[in-house]
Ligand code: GLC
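We begin with a single chain expressed as structure tokens, specifically the form predicted on its own.
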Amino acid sequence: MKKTTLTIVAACAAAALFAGSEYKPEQWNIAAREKFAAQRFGIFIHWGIYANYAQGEWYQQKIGIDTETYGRMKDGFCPSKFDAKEWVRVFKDAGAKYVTITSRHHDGFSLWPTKVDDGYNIANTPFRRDILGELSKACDEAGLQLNFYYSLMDWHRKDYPAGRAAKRVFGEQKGDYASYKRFMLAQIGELIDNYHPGNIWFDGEWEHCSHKDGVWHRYLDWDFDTIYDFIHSKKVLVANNNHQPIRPKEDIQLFERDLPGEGTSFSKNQPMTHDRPVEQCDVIQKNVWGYKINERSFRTPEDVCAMICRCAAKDANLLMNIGPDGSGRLPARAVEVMAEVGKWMRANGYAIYGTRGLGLVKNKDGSQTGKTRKGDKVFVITIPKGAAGYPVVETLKAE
């Protein structure tokens, strides 16, 4: 812990030194951004003790379960069927190049044996095994990049300043953000030093802001410069799912369940950047990120392939979410869908991986045409209306 604390202090000092200067990414950062953009397709994993409730990742907040009662599920979390190598086999066979997993979701439970919390982590469950460590090793062996989702919002800690969503659990909890920030930086330091992720993927800032009359209003000073500088000092990229215009030090722009640049739903007040990698995250199980036992509607393989193509044409990656159940197994239907997606990607991935998007247009018959480019080749991708069939790729020579 002393080493981590000193590293944080050094990063904070560096942030103060360069405060007010124009941010310019270093060469390692530019190279890492390019590598990320070239990957084009990743798998998102939402998993934690909420999987035992089997009602999605927001169950605690939606029902209004108090922290103590909800936290008892920690003592029953024992995913005996979890097999990191099997997960990674499914992901790689689907054509994914990277994996992003919830290291800690809004409920505050950590999937690794962190040393800086009050024991609310995997080491204090009947399972005990280091889930992130096993997944990190499996990804390394398979050649997949591992990234970590990390929730800024917390429904467990007493020092978190409750915003509009957390108040459902805490009420008007004022918290102590200085204390909470120290906790976050220490945890993020553990994640990076122990598992070497490609990026840290933040979520939850939006509960302390709103957009009214064309203006963004922010109600908590997160001190993101200090947080981002600390992460960058360890040569790791930063992403923030805040539904807002991107900040200079954010390396990847995120769009939640919206095709980048379309201005719908979450992204209606979020202009698309054109100078950094872009990623759309979405769900394979209808309207839910964490496992929900009674939701049987899944995307079809044709739909997932269409989404990959639309994102590539928009010069963006697709991060497709799967929510494992409480035993640690991936939903059977999700595995079936991903197997079929993998067949299409093996035949057509040359038009997706490592390309630059040239645009997406809607046709009169309801289909869409997307274009990507790699070197002197242009790939024209026809996407049937309503994903009624698989996308069709035609290769042209660039003029």
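Here the structure is a predicted model, which means the values were calculated and not measured. Residue numbers here begin at 1 and follow the sequence given.
The form predicted together with the named molecule exists for this protein as well; it is not shown, and the discussion that follows is about that form.
Chemist: Quick one: from W289, F148, F230, F91, grab the residue that has a heavy atom within 4.5 Å of the named molecule in the predicted bound form.
Modeler: So the residue touching the named molecule in the predicted bound form, by this definition, is W289.
Chemist: So which of N241, S267, Q285, T125 gets a non-hydrogen atom within 4.5 Å of the named molecule in the predicted bound form?
Modeler: By the 4.5 Å heavy-atom cutoff, the listed residue in contact is N241.
Chemist: Do H106 and the named molecule share at least one heavy atom pair within 4.5 Å in the predicted bound form?
Modeler: Because a heavy atom of H106 falls inside 4.5 Å of the named molecule in the predicted bound form, the answer is yes.
Chemist: Counting only non-hydrogen atoms and a 4.5 angstroms cut-off, does W201 reach the named molecule in the predicted bound form?
Modeler: Yes, W201 is a contact residue.
Chemist: Is Y353 a contact residue for the named molecule in the predicted bound form, using a 4.5 Å heavy atom cut-off?
Modeler: No - in the predicted bound form, heavy atoms of Y353 and the named molecule never come within 4.5 Å of each other.
Chemist: With the partner left out of view, is F44 within 4.5 angstroms of the named molecule in the predicted bound form by any non-hydrogen atom?
Modeler: Close contact exists here: in the predicted bound form, F44 approaches the named molecule to within 4.5 Å, heavy atoms only.
Chemist: Out of the stretches listed (201-209, 180-188, 71-79, 113-121), which one is close to the named molecule in the predicted bound form, meaning heavy atoms within 4.5 Å?
Modeler: Partner-contacting stretch among the options: 201-209.
Chemist: Can you list, in sequence order, the residues from 255-271 that come within 4.5 Å of the named molecule in the predicted bound form, counting heavy atoms only?
Modeler: Heavy-atom contacts to the named molecule in the predicted bound form: only E256.
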